[in-house]
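Taking the form predicted on its own, here's one chain by itself in structure tokens.
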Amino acid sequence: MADDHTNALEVRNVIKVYGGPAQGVTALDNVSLDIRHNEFFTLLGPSGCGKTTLLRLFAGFEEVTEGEIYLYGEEIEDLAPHERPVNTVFQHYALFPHMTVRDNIAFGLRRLGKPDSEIEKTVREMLGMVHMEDFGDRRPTQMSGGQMQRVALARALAPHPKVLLLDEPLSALDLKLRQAMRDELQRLQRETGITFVFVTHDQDEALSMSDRIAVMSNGEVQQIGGPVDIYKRPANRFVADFIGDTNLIDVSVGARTRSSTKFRTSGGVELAIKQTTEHAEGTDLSLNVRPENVLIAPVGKGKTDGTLVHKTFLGRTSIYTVQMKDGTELKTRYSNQEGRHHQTIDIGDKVGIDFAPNSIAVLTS
């Protein structure tokens, strides 16, 4: 195993085209990225963005059209799947229904020719690791979806792969179980020290579990970064819009000072923001501001005024939609803690609109 300063996976200018040259469909378009040793790395994006294709290239289930992939410094495009020290956990578990849990976990070890004593020891360790010690003699048909998912993880981890690939492994589970399995996956990754590469379309999963995230769209990587960076400092409109709830305001740059900028919406609303911008006056931009950073203020006390047009109760929080004078709607999120002033505001009321300091990301594309 390589040391902590080595990349687990390196992707260099990878292109994947399905079909012939004339009518081919480009699934990956010149993708390059590094995945670090002992990292929980997530490929995030909508259906058809190329994330699962990239995972299948890592596993050897698909062939690269152009480019190189390195696993701990070794080029692997020409290696068969069974020759790569990686394992995959699929969305639908792919357990052998006629085998017990113990035999499912032992399957890969037997194929590797491990001695029986080592297999028995490893299976026992894996059952303990996923808290399934009492389920060794059961068959998959006798277990819940969450239990089967744990067994699938144990089976994939048993041979101690250098990289574990996870293809939307939580999407078939209900919400509470999905949330519990997020914690379980993080724990397993920390305990084993194995590099996890996780594929999902669920932003909450990506933000809550990952060390770093690659956001993908149309076969291209839009941004790579930690969860906080991607959430607070999106690279473009796609990332801003895809990662959680947000408000995107189309504006042009107005008068600037050394400490603030006046932005003007297409409907003529002026927003004086205490943030500088390098963009010239008249440049068309988008302002990205998360709902928790849009603040309801008394009329005349914010950046502009608006009208409350909608309220959505979500238990711990509520979403308030405020319409500016030009028709632009902004969502703001508030805690439902008792006694908060916003709880006295009704639909149709006039309110001020303010923004938390340094909370606006300026986007050019």
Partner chain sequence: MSTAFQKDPRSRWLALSPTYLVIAIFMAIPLCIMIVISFLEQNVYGGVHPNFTLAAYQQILFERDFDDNLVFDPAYLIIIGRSLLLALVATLITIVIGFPVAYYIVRQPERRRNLLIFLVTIPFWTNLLIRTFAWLLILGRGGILDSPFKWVGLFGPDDSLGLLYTPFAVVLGLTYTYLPLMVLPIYASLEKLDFRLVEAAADLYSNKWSAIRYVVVPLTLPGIVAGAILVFIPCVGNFVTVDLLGGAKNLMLGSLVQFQFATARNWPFGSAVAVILLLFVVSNMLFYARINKGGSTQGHGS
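Positions refer to the first chain, counted from 1. Not measured: the values here are computed from a predicted model.
Form predicted together with its partner chain: not shown, discussed below.
In plain terms, the part of the chain that comes close to its partner chain in the predicted complex, with a heavy atom within 4.5 Å, is 103 to 111 out of 208 to 216, 286 to 294, 103 to 111, 244 to 252. Taken together, 269, 279 and 323 are entirely out of contact with its partner chain in the predicted complex: none brings a heavy atom within 4.5 Å.
Contact check for residue 170: no non-hydrogen atom falls within 4.5 Å of its partner chain in the predicted complex. Though the partner is left out of this view, residue 150 does not reach within 4.5 Å of its partner chain in the predicted complex, counting heavy atoms only.
Contact check for residue 95: a heavy atom falls within 4.5 Å of its partner chain in the predicted complex. None of the heavy atoms of residue 178 is located within 4.5 Å of its partner chain in the predicted complex. When you look in the predicted complex, the only residue of 37, 56, 331, 303 with a non-hydrogen atom within 4.5 Å of its partner chain is 56. Listed residues 166, 126, 86, 240 were compared with its partner chain in the predicted complex; 86 is the one with a heavy atom within 4.5 Å.
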